[in-house]
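This document starts with two versions of one protein chain, written out as structure tokens and named structure 1 and structure 2.
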Structure 1
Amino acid sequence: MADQTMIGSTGATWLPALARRSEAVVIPLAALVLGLGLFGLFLLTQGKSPVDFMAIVWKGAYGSAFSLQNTLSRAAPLLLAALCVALPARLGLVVIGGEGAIVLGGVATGALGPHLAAVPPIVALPLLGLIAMAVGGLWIGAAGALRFYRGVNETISSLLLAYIAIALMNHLVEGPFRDPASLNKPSTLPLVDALRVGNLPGMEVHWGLAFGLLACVASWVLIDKTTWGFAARIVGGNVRAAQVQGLPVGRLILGFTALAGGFAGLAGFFEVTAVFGSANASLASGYGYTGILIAFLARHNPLAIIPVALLLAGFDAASGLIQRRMDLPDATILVLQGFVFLVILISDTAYGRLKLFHPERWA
């Protein structure tokens, strides 16, 4: 008898709990499948086989050790770029200028790195990383400060600051900081080998990925598990209420925007130390803008950023194979992303509507 009650009661608790928790997984996954299906229909109108297409995407993105590492390499900067949007979003701020912080973080690394050749790498690398974070933090923090102290809308100011940062980067890389020996691709002086960040053990993916994942987890802890994060969410809900509560709204805005910019700056640091070996104009390659999309798809949840970034990076990694194998233009992958992400975003409307996930309505 006692046993039966126990089984009965656990049965009654784990199933509803599972149902509740699975909503946030099942709905986006179903949307992903639906989006892929819609894109398949589009492919049929183009006279191409959706089955072949999906097989090639799988092969190019995740289907082999090489492809998986290709995807992971591409995801590394996207994680940090997405955090640059997701963190301020918790305060209700829409920051779209992460590109600027990435670029300047990279320039700072490229400009200072060559002067640290004599410093032990164990000191020099963290120092460079922190400087890149500081520069990026200053840039996005400026958008936060303008918002708080001057009432300047952060969406437009961060975008303007991003364009200004890119111009500054071009000027510095081709002017004052240019290595005269960099001929057809103007760049800063090259970093010494000791200051090049290598790959993760046993992988062909640089350390930026580990730091990106770490940053996502840390941000999740910050937002969901600390009083700072709690306060930030209150500010995001209602600024006036937060002020009435006596929350330090200004410090929260400055802190979160600066941290967000710091993460973007760190992405720039890894581009220079792990990929380029010097700073050049290719630092402005659009990661900051991709990050906006990822953050919104992840609903600004730092942990959700990880799978979304992997999905997006996987599509990018497969793009080349699609061009080569199916004779489709490079824009095909953009169309695919458009279909998939639209459906995933529309699926937001399904939350709370399906009885399956809401045990309280089962009866």
Structure 2
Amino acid sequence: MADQTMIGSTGATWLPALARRSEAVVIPLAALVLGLGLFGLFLLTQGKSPVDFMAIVWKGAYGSAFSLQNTLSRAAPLLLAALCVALPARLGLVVIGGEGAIVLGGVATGALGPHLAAVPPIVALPLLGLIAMAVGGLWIGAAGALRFYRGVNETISSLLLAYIAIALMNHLVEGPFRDPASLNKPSTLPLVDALRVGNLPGMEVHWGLAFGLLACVASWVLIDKTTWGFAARIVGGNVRAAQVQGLPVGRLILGFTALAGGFAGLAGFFEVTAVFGSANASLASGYGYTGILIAFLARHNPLAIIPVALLLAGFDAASGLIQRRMDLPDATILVLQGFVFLVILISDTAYGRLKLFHPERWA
């Protein structure tokens, strides 16, 4: 009898906690599988095999050292772009304009970099990175300020700011900051070799990946282990209750949106210093929009962003091979992302409604 009581007590201790925590893992995974299934049906309507598609994705994304390193390189900006969505989401804000911060962070790096050619790289590179973060932080922080001070919806304002940023980039790159030697593709003056960010030791992957991983870990610590993160979660749960308790709601909104934009601006810095060597129209490559899907699929958990970003980066890395092998347009990956994102949004209605994940069922 004592043994049965002890077993029941143990089960009541860990089973409810496991049920509560597994909901945030099982539902997004199920949504991802369902989204892939719907995309498979779409491929069948085009006369293509979903099995062949997944085999090509594996080969093009993870099947060799070259493809894996290509995937890791593409994951670097995605990690930072996803944080631009995940951090404000902890305060209940839906910021989807990270693409603008990436673009302007890259433009700032490309415009100022040539003027720092004589400065030692150990000083110039951190300075350029901080400037890119400041530009991105101001841009996304503006959406947070509009939300707090004027009540403007941050989803709309951040998206419109992204379009403005892309238009501003085109104007600056094709006008005041244009390199006269860039004829076919307008760009800023190229960076000197000393200001180009190299690769991680033993890998063909630039240092942006390491900074992206570090940013995810640091963001998790900020959210889950600090009083600022605790206050942000309270604001996200009930902003009026947070105000009654005297929490600095305005400073939290401005601080988290600015930090989120700073991470996106840092992604633009690495795109210029490690990938392109100058600022050009390729900065608007859609990383900011893919980051939205990653953040939602990861439930805005900075640590969960890491595996999800690696998965989505793999699809992106294999897109060229899919186009050649299966005779599909390059936008096929965007269709896949659309299916997954749609199912992810629908799956939000399942949280708290499935009895399987109710702690009292397992108590």
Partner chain sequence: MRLSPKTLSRRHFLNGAAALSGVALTSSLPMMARAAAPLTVGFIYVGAKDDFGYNQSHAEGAAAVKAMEGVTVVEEENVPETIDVQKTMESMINLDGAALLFPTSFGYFDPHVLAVAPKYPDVRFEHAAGLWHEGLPTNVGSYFGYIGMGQYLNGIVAGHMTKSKKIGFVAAKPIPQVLLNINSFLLGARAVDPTITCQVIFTGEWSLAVKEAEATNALCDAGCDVITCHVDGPKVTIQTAAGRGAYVCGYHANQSALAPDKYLTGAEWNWAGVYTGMVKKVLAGETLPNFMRGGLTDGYIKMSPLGPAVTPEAKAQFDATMAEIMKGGYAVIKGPLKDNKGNVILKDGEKQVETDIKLESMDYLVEGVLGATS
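Numbering for residues begins at 1 and runs along the sequence of structure 1. All values derive from a computational prediction rather than experimental measurement. We call the rigid core whatever largest set of C-alpha positions still superposes within 1.5 Å between the two forms.
Undergrad: Only one of the two shown forms is the form predicted on its own, so please name it by number.
TA: That would be structure 2, which is the form predicted on its own.
Undergrad: Quick check: between structure 1 and structure 2, is the chain's rigid part containing residue 212 also the one containing residue 50?
TA: Residue 212 and residue 50 are in different rigid parts, judged by which superposition fits each C-alpha better.
Undergrad: Rigid-body comparison between structure 1 and structure 2: how many degrees does the smaller part rotate once the larger part is superposed on C-alpha atoms?
TA: So the smaller rigid part is rotated by 12 degrees.
Undergrad: Once you lay the two forms on top of each other by their rigid core, how far has the C-alpha of residue 347 moved between structure 1 and structure 2, in Å?
TA: Superposing on the rigid core gives a C-alpha shift of 6.3 Å for residue 347.
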